[in-house]
Every structure is written in C-alpha cells, then in structure tokens.
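As structure tokens, one chain now follows by itself in the form predicted on its own.
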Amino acid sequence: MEREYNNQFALQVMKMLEKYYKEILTCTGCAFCKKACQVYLHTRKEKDSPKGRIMISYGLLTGELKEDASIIEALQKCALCRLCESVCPSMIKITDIIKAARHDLKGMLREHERIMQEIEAWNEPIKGERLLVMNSKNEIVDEIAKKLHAAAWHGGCGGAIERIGRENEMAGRLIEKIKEAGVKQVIYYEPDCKKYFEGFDAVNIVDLIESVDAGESYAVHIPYDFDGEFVEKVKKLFEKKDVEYIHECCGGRREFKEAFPEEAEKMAKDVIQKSNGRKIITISLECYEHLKKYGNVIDLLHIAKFKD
C-alpha cells in the first residue's frame, strides 16, 4: 500500500541541524551502528540505518538533498532507542542528530499528523492535590490512581509530539491546568516526563513502590534510552531474583508503531524471543500494550506494592 504524505515540501532554512554540524562530520561511516539497529536488521536498507540517517541529515544541512517523502520516512523510521550509540566508536550523538533533522522538516507523515491532533485535543478534568500522569487508557491507571489517592490524567505529557519533531505545546497547556487545579504533587512513570514538571513536586511512580509481587524467574524489559538513575531504581526492586534484562527496543512508541506497524511487530517479536520463554515484565505501559499482543507480558505496575 502506498503511504500518504503531506505534500508541502518547501525549501527551508536549517535551524536545529546547524548545531550538530561538527557532530555529523565526526561520523567516519564505519557502519558499526548498523549492527545494533533493529530497524535496519529487518529492512536491510541503507537509508534505514543510523549511518544512512546521518548521511541524509548531512545532505539536508548542506543543501545537497531536498526534502521529499522518502527523506521524511527515512528520518522518522527510527525508534530513537539509542542502541546505535552504544556501539559507536566515535561516540556520536546519533539520536540527537536525528531529532534535530526531524525538527527542521517541513513535511510530516499522515499518521503523525493524526497522532498530534489526538494528543493536542486530549482533555479531561483535573481535581485534587495529587495527579497521576500516564500515557495510557489502560484500566490499571485508574486502579493505581485510587491506591495513591490521586486523580488520573491519561493523556500523557505529549512526549510523542517532541519525538516527532514538533514543539510540545500540549505539555505547556497541561502545566497550566495543573496550576489552575491547585495540584501539589505530580506522579509520572516515563522518565522523560520529568523535564516537563520542573518547579513542581514531581515524583516518579517507581519511587513509591515498596516491593514487587512476582515469581523468581522472568525477563525485565527496560528500553536502553531510559535514564540511568531510573533503571537502577527498577533493578533494585528485583534484587536477589533470577532476572534477565532485555534492553532491545520493542517498537512500542506510539509514533513509531502506528507509522511503521510491520517493523514494530518484528521488533516486538525480537524482544519476545530474547525472553527465552520467561514471562516479560515491562517498565512502560506503551511497551506493555505493544508486547502483550505477542507473548506472556505484564507491566511493573501490575505487580507493584506501594508504600503506605
């Protein structure tokens, strides 16, 4: 099926990419990054590799390439998992370059236009002094909100908008709603949400977990790009247990799986295979909703015992 695109591919003046000019030139083209890229693993197309996306970014910056549908697709067909950076001998900030290139794009995938419209239109009442911010409509959100004596906001912090490459104005509107409602504490899950709640009493829900009620042998899926401090807190919950950690990307981010469902399905099955038959515990409701279609999966929040 032929993909639809916004056909506004006007000539543009680069802004964000200019900041990464020296970083882009650092790339030697060694292709080590290709070995870690799960998208390239399945498509085997150069433009779908981290190296290919850096070359595209360089071409856009110098004017040797003009934005078109194929370039937009190539730059967006990346889950931003940072696994490529873990093997880059030049320690290039590949993900930051891709984000910058997306920021400078004029055109957009139709799927991303729809996602942005849905996120920006999200609205639900905020009441009380404690708010649980989750990017999920799963019933577990309301159950946990009740346990924590908090109101639930299911629309997330709008991080997908930023990852697509647009300004996250939704986060600003959410902050204003929180202020108007007189919320004193914000509880969030995804580590990247923290930056949106500067100036608030904001706590990650993992800090409120006392223990986990799970068997002794399972696989824990933690995306590689998650904050190191957050990961250590999660691992502490599983001390002295037979745990296998999986850091590969499952393709579960909404903006990726809805735009590239075939690749997202293959990446999810890669993670399931890595579990070697063990039950998988995710640390992200987005990952949970995606992976549960393909294997025996629960989320950390399903087995969490919260502090009094």
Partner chain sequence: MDIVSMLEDAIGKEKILADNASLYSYGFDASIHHAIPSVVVTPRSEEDVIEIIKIAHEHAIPVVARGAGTALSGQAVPIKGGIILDMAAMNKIKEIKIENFYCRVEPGVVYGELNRQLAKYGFFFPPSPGSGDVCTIGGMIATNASGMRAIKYGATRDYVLGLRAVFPPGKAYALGSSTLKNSSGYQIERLLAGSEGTLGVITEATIKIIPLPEKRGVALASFDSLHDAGKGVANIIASGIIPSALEIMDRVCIQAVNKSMNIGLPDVEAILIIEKDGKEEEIKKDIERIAEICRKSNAKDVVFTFDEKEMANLWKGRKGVLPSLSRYGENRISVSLADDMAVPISKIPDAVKAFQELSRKYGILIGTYGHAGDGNLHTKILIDPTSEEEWKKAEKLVDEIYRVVYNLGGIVSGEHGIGISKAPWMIKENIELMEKIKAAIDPKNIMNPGKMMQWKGSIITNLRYR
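Residue numbers count along the first chain shown, from 1. Values in this document were obtained by computation on a predicted structure and should not be read as measured data.
The same protein also has a form predicted in complex with the partner chain, omitted here; what follows describes it.
Visitor: With the partner absent here, would P125, L132 and E169 each sit within 4.5 Å of the partner chain in the predicted complex, counting heavy atoms only?
Guide: Spot residues vs the partner chain: no contact at all.
Visitor: Name the single residue among E248, E244, E265, E46 that comes within 4.5 Å of the partner chain in the predicted complex, judging by heavy atoms.
Guide: Checked against the cut-off, the match is E46.
Visitor: If contact means any heavy atom within 4.5 Å, which of 36-44, 235-243, 276-284, 252-260 contacts the partner chain in the predicted complex?
Guide: Of the options, only 36-44 has residues within 4.5 Å of the partner.
Visitor: I'd like to know whether I272 contacts the partner chain in the predicted complex, with contact meaning heavy atoms within 4.5 angstroms.
Guide: Result no; I272 lies far from the partner chain in the predicted complex.
Visitor: Given that the partner chain is not shown alongside this chain, does Q117 nevertheless sit within 4.5 Å of it in the predicted complex, heavy atom to heavy atom?
Guide: Residue-level check for Q117: no, no contact with the partner chain.
Visitor: Is S217 near the partner chain? Define near as a heavy atom within 4.5 Å, in the predicted complex.
Guide: Answer no; every heavy atom of S217 is more than 4.5 Å from the partner chain in the predicted complex.
Visitor: Under a 4.5 Å heavy atom criterion, is A121 part of the interface with the partner chain in the predicted complex?
Guide: No, no contact at 4.5 Å.
Visitor: Residue by residue through 48-79, which ones have a non-hydrogen atom no more than 4.5 angstroms from the partner chain in the predicted complex?
Guide: Contacts from 48-79: K51, G52, M55, I56, Y58, G59, T62, E64, L65, D68, S70, I71, A74.
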